[in-house]
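Coming up is one lone chain in structure tokens, specifically the form predicted on its own.
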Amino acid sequence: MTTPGRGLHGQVLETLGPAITAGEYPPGSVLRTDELAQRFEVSRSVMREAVRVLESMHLVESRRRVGVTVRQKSEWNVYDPQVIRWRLAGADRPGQLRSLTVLRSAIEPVAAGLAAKHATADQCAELTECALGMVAHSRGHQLEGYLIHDVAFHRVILNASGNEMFARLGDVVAEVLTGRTHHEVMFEDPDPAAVTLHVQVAEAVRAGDAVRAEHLTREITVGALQELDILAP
């Protein structure tokens, strides 16, 4: 049953989306909008709106005379931040985290090297501010505060790369970092070595040292994978 205070179709999505990504509705399953509308106690127009959102994520497709069909996992828009969030909430969280962290390890070091070549003075200053914010929140179990600066740091790196494709991955990286924190796939305090590496990346970018910026960022992503081996094997 839905509760007031949020968009009705959004409330439906918060239940139906995770159910699809968790495999409760396997690929090929046919969803009857009339039945779902009754289940969620919403109108058919609200249900259709929810289905349109799921279609935009390529989780389902509407077929005439068939209904709404769950698509194959290989067809899902796995870069959609909401899809990432739903998958991280499911049973395959370790696999999803590893997949996304491998993606980060392929993209972010290169982005950091490019940032060292293209970052503006304002971006360099913002990067330094983010790194210092991470340091300030790295002790005393302040993971939520740390997360804010960590997400901002990596967004700046991707944006400062000057590559629009990298920049669009900011939301993906944000979901990975947020998911690790909210699902407690983090130590109570961040690894001091990782915090120091972020400060050093900011320094390398500001100094225009592309080789060092790329190398240090690769160390960050390798460390993130090693943490997953311990916390989400």
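Heads up: residue numbers just count along the shown sequence, starting at 1. Just so you know, these numbers come straight off a predicted model, no measurement behind them.
Form predicted together with a further copy of the same chain: not shown, discussed below.
- Although a further copy of the same chain is omitted here, in the predicted complex none of A136, V151 and P192 has a heavy atom within 4.5 Å of it.
- Figure note: of the listed segments 173-181, 192-200, 52-60, 26-34, the one touching a further copy of the same chain in the predicted complex, with heavy atoms no more than 4.5 Å away, is 52-60.
- Checking A89, L143, V78, C124 against a further copy of the same chain in the predicted complex, a heavy atom within 4.5 Å turns up for just one residue: V78.
- a further copy of the same chain is not shown here, and in the predicted complex it never comes within 4.5 Å of any heavy atom of C130.
- Using a 4.5 Å cutoff between non-hydrogen atoms, V110 counts as a contact of a further copy of the same chain in the predicted complex.
- R212 falls outside the set of residues with a heavy atom inside 4.5 Å of a further copy of the same chain in the predicted complex.
- Heavy atoms of L100 reach within 4.5 Å of a further copy of the same chain in the predicted complex, making it an interface residue.
- Residues V110, L114, K117 of 110-128 are found to place at least one heavy atom within 4.5 Å of a further copy of the same chain in the predicted complex.
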